[in-house]
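As a starting point, one isolated chain is supplied in C-alpha cells, in the form predicted on its own.
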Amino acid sequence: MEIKEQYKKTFLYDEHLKCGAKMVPFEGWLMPVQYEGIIKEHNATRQSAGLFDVSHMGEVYVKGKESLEYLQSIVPQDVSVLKEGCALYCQLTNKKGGLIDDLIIYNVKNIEIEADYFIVVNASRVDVDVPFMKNEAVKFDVEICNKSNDLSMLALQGINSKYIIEKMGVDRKNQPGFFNIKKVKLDGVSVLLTRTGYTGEDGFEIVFENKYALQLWNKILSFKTEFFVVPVGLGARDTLRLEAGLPLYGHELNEEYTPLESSLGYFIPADKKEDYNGKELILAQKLKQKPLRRKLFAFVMEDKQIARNGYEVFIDNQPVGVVTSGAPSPTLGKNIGFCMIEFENLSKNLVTRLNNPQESLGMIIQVMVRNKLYNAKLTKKPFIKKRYEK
C-alpha cells in the first residue's frame, strides 16, 4: 500500500486556497509559492506592501537565571550587548564551527511573556535546533520551550507597512524601531510586533496565538485598495531576499560552512571573551590566523542565462565551486545569484585575488548551464539598496 506523505499546514491553508495560491511542499509544510505571479508579488512588496504567511518558522522561548550565560555559549555574537526590546542576528554553530542555523534573538525581559529571550529559527531546522539547544542547556539554570506549534507569524513588508500597522491600532511613534520588538494590540489582538523581515524593505513580523491567524490575515488584506497590499508566496520571498543579499539555510548556510566562509564575518565579534561552539576556528578565520577553505560570492550574469542552485562554477575553464542560489531579479532586470567557491585546489595567487575585494569585484567567472559555459561577474551584495527605516 502506498503511504501518502503528510505535510503540515498553517492555520491559513484554506485561506491561501481561497486567494488562488499554488501550494507546494516546503520543508515538511504545504505553503503558497505564488498567488497572482512571482513578479507581480515581488514588485508589490518593493513598491507598496506584501503580506507573507511565515507560520512555518520556529519560535523558542529561553528563560531562567542563566539565560544570558547559556546564549553566550551557543552563538558567536555577544548577546550581553542586547538591550531590552532589541534583536540580534546570530548564528547557531557546531563544534566544528559549522552553521547549524541562523536565527534572530530578541531580548524580551521588558515584555510580559514567559521568557527572557525569544528566538526565531528556520522552519527547516526546528527539529534540529530545539534538541541541540536543550542538550546544550543541561549545563545551565535555564529552560528551553519550543513554542512553534502554539504560535503563528505573518510578515508585512514594504514602504506602506507602517501605515497599515497604524490603521490597525499602533501609531507611528509607538511602532518598534528597526530590529526592535514590542508587545502591542493589532485589531484588538495581543501580538509581538518586530521590525524585522527578509526582503530588504521596511516592514514587520507579527507573532500571535494561532487562533487569531485568520482575523489578522484578512484585516491586513482589507487594506488592498488603500495601501495596495497583496499576499505573497515563497517564490517572491526568495527573489526578494536574494536581491537583498540575504542567505538561505541549506543554500548559503550549512553545517560544513563557517560564518566567515558564508560571508557573515561582519557579524562575528573579535573580542568576545566567552567560549562558544567552534570558537577556535571561527575566531582564527576572523583574525586571519587560519585561511578560509571556501568563500561565498555574489554574481551577476553577463549573459541572459539563469544560474540555478547546484550549477557548476568555473574560473578560466577550471571547476571551482557551485551556485547556491540564483534567479532573475525583477528589480534589476538581470539574472543574479550566490556561489560558493572552494579554495582547496586553486592556486595561491587566485585565492589571494579572491580574498581581496579590490581584485575580486568584477572578476569574470563562468556558470555551466545545460552543458555550456556562460559568463558572470562577481559583485557586491546586496544587489539592491536596503530601505530599512532606522
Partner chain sequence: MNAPDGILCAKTHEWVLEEDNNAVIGLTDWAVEQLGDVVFVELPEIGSVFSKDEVFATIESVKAASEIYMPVAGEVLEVNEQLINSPELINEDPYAAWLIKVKPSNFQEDTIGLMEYNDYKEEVE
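Keep in mind that what you see is a predicted model, and the values were worked out from it rather than measured. Numbering follows the first chain given and starts at 1.
Missing here is the form predicted together with its partner chain; even so, the following discussion is about that form.
When its partner chain is considered in the predicted bound form, only one residue from 351, 39, 364, 332 comes within 4.5 Å through any heavy atom, namely 39. Shown without its partner, this chain lists 173, 304, 273, 211 as candidates; in the predicted bound form, only 304 has a non-hydrogen atom within 4.5 angstroms of its partner chain. Taking the partner from the other structure, its partner chain in the predicted bound form has no heavy atom within 4.5 Å of any heavy atom of residue 380. By the criterion of a heavy atom within 4.5 Å, residue 249 is excluded from the residues contacting its partner chain in the predicted bound form. In the predicted bound form, its partner chain sits within 4.5 Å of a heavy atom belonging to residue 374. Put simply, residue 22 is close to its partner chain in the predicted bound form: some heavy atom of it is within 4.5 Å.
For the three marked residues, 98, 259 and 263, no heavy atom of any sits within 4.5 Å of its partner chain in the predicted bound form. Exactly one of the stretches 162-170, 128-136, 194-202, 231-239 approaches its partner chain in the predicted bound form with heavy atoms within 4.5 Å, and it is 231-239. Looking at 17-35, the residues that come within 4.5 Å of its partner chain in the predicted bound form, counting any heavy atom, are 22, 33, 34.
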